[in-house]
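Take a look at this one chain, the form predicted on its own, written out in structure tokens.
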Amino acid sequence: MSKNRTDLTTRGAASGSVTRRTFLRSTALAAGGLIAAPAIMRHAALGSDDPILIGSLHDQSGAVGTSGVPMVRALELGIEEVNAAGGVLGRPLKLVHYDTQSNIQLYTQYAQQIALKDKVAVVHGGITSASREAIRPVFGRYKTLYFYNTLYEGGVCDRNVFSTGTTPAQTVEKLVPYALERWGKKVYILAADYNYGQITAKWMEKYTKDNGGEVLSVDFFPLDVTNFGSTISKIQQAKPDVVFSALVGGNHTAFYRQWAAAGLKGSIPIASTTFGLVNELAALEASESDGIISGYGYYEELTTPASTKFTGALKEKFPGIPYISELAACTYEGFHLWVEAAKKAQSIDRMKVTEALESGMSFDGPTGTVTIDHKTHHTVRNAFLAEAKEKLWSVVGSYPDQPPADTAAVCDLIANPRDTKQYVISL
């Protein structure tokens, strides 16, 4: 089947073994055909009229699909803006997107396809840390530059990866002392049972102890858990001053509803590193969410000119878009960092772009000024704390220009550029 830029091509999605592929385009690419290049051709061999392909692997359905939708919309907006300004190196950009459907097997399958068949110049993708770790080695093997634009547990040390989302050193390190000072020193931790939740829980424990607190218990939950009755009973018996939550996904939203139904919301407060990422403020009643504190690199409610311009453009282009969180903002900024690096390098070659990014590339985006840290391939960025009030976030703390790494997690790609490990905190 031939394809052109005006096609919306989908391969069936009846099961996880079937490929579902969508070519998304900017309105600036309304005319002309996509000339398929032989697999052996490199990007540099393409003609000046051929679009530069930007890869996207984001969940649009399943447990974390609500988080992925605004991330893809942010990429579409960025591509439209860049194309309207003349593209990159005189060439238009085109998005090649795969809906990974919250399925790790599909992440692995589509990562190989987007790297080997589509031969994109860069991939933006992954939401959960499990999805990132499924595709990171694929892109390393096939030498495809990878941007992970999601807040996460930190520690990935890989020269082929740029992580633009916040890390525990930027958010958890602020959230924990704020909660302990406001509510008390006894802590109960709930977290998703995979690498993000497990490692983030360790950071919560570290910062609790660093600030004179006591961790009463740490409980982990698979992503498909929806019944938290027995856990709520355990928390009641433990009598903590505060609950720290690193629960993940739409299923775990049930905890907050059950917590309020048990009558505990008014007596034991909650601070979370994840609440709001699957549009919980819209899904829950204000009586169920008011008072929850979170820590992120961005909130839609920020009123800076760059923030209001970004959210206004997204809402105008995509009416009904879910809450615009750090996930969308960092994806937009990650995309623009790649664009600025390609322009500086005067090339889309992976290593030339990498070196341009490592030069201290910055972008002024909706979250503020974001700067690539050469040593870690993460970003120096602003961080914020906010409290849920009447289904909106009210910012209660701002922390400018936060470095991405804690000294407890060591990554140095300047000294060790071949490193590909993820450094994990040990308590």
Partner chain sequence: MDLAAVLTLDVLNGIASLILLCTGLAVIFGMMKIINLAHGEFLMLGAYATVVAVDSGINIWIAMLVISPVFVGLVGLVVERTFIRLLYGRLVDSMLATWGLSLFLVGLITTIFGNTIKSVPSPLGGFTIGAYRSSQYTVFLVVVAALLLGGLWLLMRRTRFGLIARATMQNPDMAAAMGVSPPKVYMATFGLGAAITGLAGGLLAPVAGVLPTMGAAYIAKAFITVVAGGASVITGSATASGLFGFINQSASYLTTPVIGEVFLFVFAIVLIRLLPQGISGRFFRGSL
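Residue numbers count along the first chain shown, from 1. A quick note: this is a predicted structure, and the numbers were derived from the prediction, not measured.
As for the form predicted in complex with its partner chain, it is not shown, yet the points below apply to it.
Have a look at Q346, N227, Q105, T304 for me and say which one sits with a heavy atom within 4.5 Å of its partner chain in the model of the complex.
Looking at Q346, N227, Q105, T304 one by one, just N227 meets the 4.5 Å heavy-atom criterion.
Counting non-hydrogen atoms within 4.5 angstroms of its partner chain in the model of the complex, say which of G213, G276, P240, G250 makes the cut.
Only one listed residue qualifies here, and that residue is G250.
Out of the stretches listed (79-87, 175-183, 295-303, 215-223), which one is close to its partner chain in the model of the complex, meaning heavy atoms within 4.5 Å?
The contacting stretch is 215-223.
Using heavy atoms and a 4.5 Å cut-off, decide whether D193, T231 and P322 all contact its partner chain in the model of the complex.
Spot residues vs its partner chain: full contact, yes.
Test of understanding: in the model of the complex, would K315 fall inside 4.5 Å of its partner chain by heavy atoms?
Taking the distances in the model of the complex, the answer for K315 is no, it never comes within 4.5 Å of its partner chain.
Spell out, yes or no, whether the shortest heavy atom distance between P51 and its partner chain in the model of the complex is within 4.5 Å.
No, P51 sits far enough from its partner chain in the model of the complex that none of its heavy atoms falls within 4.5 Å.
Does its partner chain get within 4.5 angstroms of any non-hydrogen atom of T376 in the model of the complex?
No, T376 sits far enough from its partner chain in the model of the complex that none of its heavy atoms falls within 4.5 Å.
Is G397 one of the residues lying within 4.5 Å of its partner chain in the model of the complex, judged by heavy atom distances?
The answer is no: G397 has no heavy atom within 4.5 Å of its partner chain.
Does any residue in 275-295 get within 4.5 Å of its partner chain in the model of the complex, counting heavy atoms only, and if so which ones?
Going through 275-295 in order - heavy atoms within 4.5 Å of its partner chain in the model of the complex - the hits are N279, A283, L284, E285, E288.
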